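One chain comes next, on its own, written out as structure tokens in the form predicted on its own.
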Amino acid sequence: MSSPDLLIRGAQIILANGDLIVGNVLVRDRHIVEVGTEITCTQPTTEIDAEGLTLLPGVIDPQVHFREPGLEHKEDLFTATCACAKGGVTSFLEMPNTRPPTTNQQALDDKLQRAANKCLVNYGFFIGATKDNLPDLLTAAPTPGIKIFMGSMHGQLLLEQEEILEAIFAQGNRLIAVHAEDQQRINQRRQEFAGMIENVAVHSQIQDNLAALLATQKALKLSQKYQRRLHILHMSTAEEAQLLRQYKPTWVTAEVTPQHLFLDISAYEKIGTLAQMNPPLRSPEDNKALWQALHDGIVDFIATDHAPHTLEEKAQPYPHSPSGMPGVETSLPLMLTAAMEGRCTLAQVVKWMSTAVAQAYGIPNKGVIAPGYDADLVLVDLRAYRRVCREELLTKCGWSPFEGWNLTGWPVYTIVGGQIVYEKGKLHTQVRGQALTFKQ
């Protein structure tokens, strides 16, 4: 059965080659069927007057923690994807550290079923590595890849032993994504700073730049040895950027979060434990190096690492306060505001937040506005600035580290599979996304 036509008329459109045109987009059966300055569609079921708005491919957020199952008091798949829709995120890849963790086909199937029932946007789920689930890592599907926590984790998902890591790298060809922090270095630093841990700012010293560099070096070594597809999650340091600048095989990719681009260690004084995350915030010099690496293609794309905790949990004194912060509602406005300030271009934002993610994870028909591609789209207003307000957030945790920031590029419409899921402040919660597929 054919779905109704959707015509978007008079938008500024970012094309696949980076060009900007004022034109129209016709959508039918979940797909873009025509893009151009003149489109004849006599009776579209729905028409959006997009004059003055800019049309981008929907954001693909390749690293989120949506907390379901087991930790739904922080977030769940419905509330998280409401926040996604408001933020222009039309697809996400979610991490395995739920309760129970996603470490086998049964747990993956459970998440996929939950998502089919609850998610307003498209979804995919990583399979988590443990010391004894190698068969599951080779066969569980569909998944964008294997997630390895090399540090900053407890329980069965923490894998710091090199022989276990090597066994995973040695078998199969599925993408491996690593949280690169060296747990031995972290443990050593915790002992060194044992008398100073009342101050949350020490978090960046305990989990220091060297902890990140050591783990990234180890992962690169194993990737090179086995020619294994590797992705470095939430890269945070100048040292890692320099390492990849000197040696980055064609099969290795890396990402950076908005918080590691826009926030630094001074945020601890302003917002306390709300600035606590893993890997931690770094220095302004690290921010600058990461921006440069992003521009130079050393870092390939952007992810939020959306990892919400309640305000009550965050109010606990360090080190009892949990690490993590939300991000899906603010990532696109943050980057578009940076574009308006001349720190990057609109075409680069599209590449870093949509096109390059789809390419890296082999997600077909996503991340480009062109005929034949899925109609996952976001219309933003680059003329209006609005502050991040806690009361307006849709994430269940109800806070943002960017509260009070004045941003532009807020979504006016978010479209998933040709269906309007967010429209001028209103959610259409009956819309459901689809499970993503991956070519690897």
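Residue positions are given as counts along the sequence shown, with the first one as 1. Worth saying up front: this structure is predicted, and the values here are computed from it rather than measured.
Another form exists, predicted together with a small molecule; not displayed. Remarks below refer to it.
- With a 4.5 Å cutoff on heavy atoms, P101 does not count as touching the small molecule in the predicted bound form; it lies far away.
- Looking at N278, you'd find a heavy atom of it within 4.5 angstroms of the small molecule in the predicted bound form.
- With a 4.5 Å cutoff on heavy atoms, G145 does not count as touching the small molecule in the predicted bound form; it lies far away.
- Heavy atoms of F92 never reach within 4.5 Å of the small molecule in the predicted bound form, leaving it off the interface.
- With the partner removed from view, the residue among A307, A356, A347, L175 that has a non-hydrogen atom within 4.5 Å of the small molecule in the predicted bound form turns out to be A307.
- In summary, among the residues F149, Y361, F126, Y123, the only one with a non-hydrogen atom within 4.5 Å of the small molecule in the predicted bound form is F149.
- Heavy atoms within 4.5 Å of the small molecule in the predicted bound form are found in one stretch of 320-328, 186-194, 286-294, 212-220, which is 320-328.
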